[in-house]
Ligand SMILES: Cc1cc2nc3c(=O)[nH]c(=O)nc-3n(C[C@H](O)[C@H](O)[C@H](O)COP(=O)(O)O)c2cc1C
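A single chain, nothing else alongside it, follows as structure tokens in the form predicted on its own.
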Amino acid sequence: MTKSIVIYNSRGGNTKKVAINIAEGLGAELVQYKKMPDLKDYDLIVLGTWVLAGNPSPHWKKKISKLDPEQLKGKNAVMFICAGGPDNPPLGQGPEAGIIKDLVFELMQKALEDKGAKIAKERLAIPGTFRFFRFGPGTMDKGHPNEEELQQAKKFGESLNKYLK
């Protein structure tokens, strides 16, 4: 029997909403990154995080860096993010810097490949709320993720079932 898991790191709750919908569409176990189980028993691992200044969250990076490579070796890994303006350059930078989702996915992919994971081509970037202050209310992109974006996340999860056959 094949098993899948969706692991998320959420600061304000938006990434969690996206993760819930992906897990529902995939029929996968859902866990917050602090409660990550041993991943050896999973065939498909879906990992998501919020974004800070064009980078995966510091918590996500730290957790992945401490993982035993045996947990991800040869596993199919799928990435998703929830970010304020994922299709924009990082705040204060011009278009030559690239767009946030591409920069973040590149960093996530490197970290996961360094642990032996096989990175799936599918990825999902959903708009979230941009926050100027660490725990302050969302100040830009309010209303995201909206219902349409959450349905997109669910369909994304459904599309990943091909990895479990």
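Quick note: we count residues from 1 along the sequence shown, nothing fancier. What you see is a predicted model, and the numbers here were worked out from it, not measured in a lab.
Note that the form predicted in complex with this ligand isn't included here; everything after this is about it.
- Checking 103, 125, 52, 36 for any heavy atom within 4.5 Å of this ligand in the predicted bound form turns up a single hit: 52.
- In short, of 27 to 35, 116 to 124, 58 to 66, 43 to 51 it is 43 to 51 that has heavy atoms within 4.5 Å of this ligand in the predicted bound form.
- Residue contact with this ligand in the predicted bound form: residue 14 places a heavy atom within 4.5 Å of it.
- Although the partner is absent from this view, residue 72 stays clear of this ligand in the predicted bound form, with no non-hydrogen atom inside 4.5 angstroms.
- In the predicted bound form, this ligand lies farther than 4.5 Å from every heavy atom of residue 78.
- Although the partner is absent here, residue 152 sits far enough away that none of its heavy atoms falls within 4.5 Å of this ligand in the predicted bound form.
- Shown here without this ligand, the chain has 82, 83, 84, 85, 86, 100 in 81 to 120 lying with a heavy atom within 4.5 Å of that partner in the predicted bound form.
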